[in-house]
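In the block that follows, a single chain appears as structure tokens, in the form predicted on its own.
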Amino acid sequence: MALERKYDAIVVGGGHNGLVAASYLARAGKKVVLLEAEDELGGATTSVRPFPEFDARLSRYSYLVSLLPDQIVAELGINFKTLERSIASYTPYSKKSDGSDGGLLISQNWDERTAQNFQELTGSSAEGLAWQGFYGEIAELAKRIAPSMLQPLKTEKALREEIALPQTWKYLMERPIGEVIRERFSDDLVRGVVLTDGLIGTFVSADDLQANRCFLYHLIGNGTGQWRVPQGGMGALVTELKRVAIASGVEILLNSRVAEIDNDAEGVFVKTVSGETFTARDLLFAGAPQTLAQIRGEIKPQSLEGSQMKINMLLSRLPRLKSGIDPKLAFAGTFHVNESYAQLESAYRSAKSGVMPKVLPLEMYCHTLTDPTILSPELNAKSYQTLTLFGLHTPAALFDKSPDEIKSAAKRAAIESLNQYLLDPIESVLAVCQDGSLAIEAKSPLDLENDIGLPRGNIFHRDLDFPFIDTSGTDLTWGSETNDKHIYLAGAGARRGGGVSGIAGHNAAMAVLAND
């Protein structure tokens, strides 16, 4: 019989949150073991070579960083760099007057070029001014609310008073974001660009408050809301977090899938599928709450299912666009396709009725334009590029009956949607593998569940919550607590846990230390 191994804390899951949680506890003097089911760390934050003959390490699942607080980076001594994208987004469109193609280019920081693009699209300066006013208000809220993400949860009243932006609070926390967008903006294309931040990973209409929560998490990252490119890819973050964890004294065990979790008044007992047993006072679960419930033999919490498919590509060169814009500008930020407000709502209604949207909303970006280090020098010399594409409103249920067939159809729809704006069809610039196949891979919500344990492909694990509690009478302090005083949620399914942030890992560790 295997010897029972004793620790102060067991961390289950070796993604970025698990590594952050384990490092904080070990630095506080705890004896910590981290159990990872797979043969490598990282979870959704890995870099891989999906096309083995090409030396290109793509961030296969998660791909950008917004919410990772500078405080965590500084406290753990994480040597990790993110790079700012000079372009926020580009949205191609067909001009109504003469039928020619144009595009709305928005710089990361407002400039004359951006103002001119708004003027060309709408025929006046009003929409551009509305954009500046709206995002200026959001930026101020982000700056004020970001520090609270690493503090004990506040009540709604307390946080609202602390933020002291009553009008912004009202339209972000209390009114459907769809209503607000329709009031603040008049152009359908501009409305859609705003709405996209409320939809990535969330299968809802614009008038559902879940869209507000998603919008909030996308815009408050680190007090700036900027989505940055991880230098070296997501794998570089994992490598650095592993270094920090080991240096802090964390024992890391790979190929250690947890099969049983039991508990009593004194602590927890864990058994792996290989028969190893561990005991500790506390357990921090850095996976999905649904997986924890399954292991413990409890009813799985219900939640929205994942609604996006991801397509990774390696290109021999960037395609030219019909609008004539330099592709190095168009693909440097988020490239929107079929994402006007009306198109997004139409796609949602179609998918909600069980039909794959005919006009598939897409957004994509080119990692290598900001960070070429994920490619070998040889590929860089040949001007190779990567392209990451997300298809919105493609919920898991659409793939259930025939997963491979539906995924192939969705991939074709995505390519056709993209090609309508390209002079060079995307197939003509995809790298060609040794077997003659094109360097493109698609991941459906079902693949995300099978590959990395995201419940029904939900990148947030469960429905998002606002970053406050309704009353002071709740048992939640850090948003990590469960119905057992020795078991904590340390992954994306914790309160304030969405995104590549490490916030859930930090807060779970703080909850454990607070109970010492």
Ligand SMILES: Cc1cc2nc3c(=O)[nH]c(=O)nc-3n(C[C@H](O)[C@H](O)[C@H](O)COP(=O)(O)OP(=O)(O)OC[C@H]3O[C@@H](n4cnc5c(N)ncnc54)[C@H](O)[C@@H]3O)c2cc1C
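All values derive from a computational prediction rather than experimental measurement. Don't overthink the numbering: it's just position in the shown sequence, from 1.
Keep in mind that the form predicted in complex with the ligand is missing from the display, and what follows is about it.
**Student:** Each of G13, F460 and G498 near the ligand in the model of the complex, meaning some heavy atom within 4.5 Å?
**Tutor:** Yes: each residue has a heavy atom within 4.5 Å of the partner.
**Student:** Determine which one of 149-157, 285-293, 401-409, 414-422 lies within 4.5 Å of the ligand in the model of the complex, judging by heavy atom distances; exactly one does.
**Tutor:** Careful reading of the contacts points to 285-293.
**Student:** Find out whether any non-hydrogen atom of F468 is located within 4.5 angstroms of the ligand in the model of the complex, and reply yes or no.
**Tutor:** Result no; F468 lies far from the ligand in the model of the complex.
**Student:** Would S256 count as touching the ligand in the model of the complex under a 4.5 Å heavy atom rule?
**Tutor:** Contact check for S256: yes, within 4.5 Å of the ligand in the model of the complex.
**Student:** Find out whether any non-hydrogen atom of S480 is located within 4.5 angstroms of the ligand in the model of the complex, and reply yes or no.
**Tutor:** So S480 does not count as contacting the ligand.
**Student:** Indicate whether N507 is a 4.5 Å heavy atom neighbour of the ligand in the model of the complex.
**Tutor:** No, N507 sits far enough from the ligand in the model of the complex that none of its heavy atoms falls within 4.5 Å.
**Student:** Could you work out which of Y384, F185, Y341, W227 is the residue within 4.5 angstroms of the ligand in the model of the complex, going by heavy atoms?
**Tutor:** Residue within 4.5 Å of the partner: W227.
**Student:** Answer with one of I487, V48, V33, A37: the residue that has a non-hydrogen atom within 4.5 Å of the ligand in the model of the complex.
**Tutor:** If I apply the 4.5 Å criterion carefully, the residue I get is A37.
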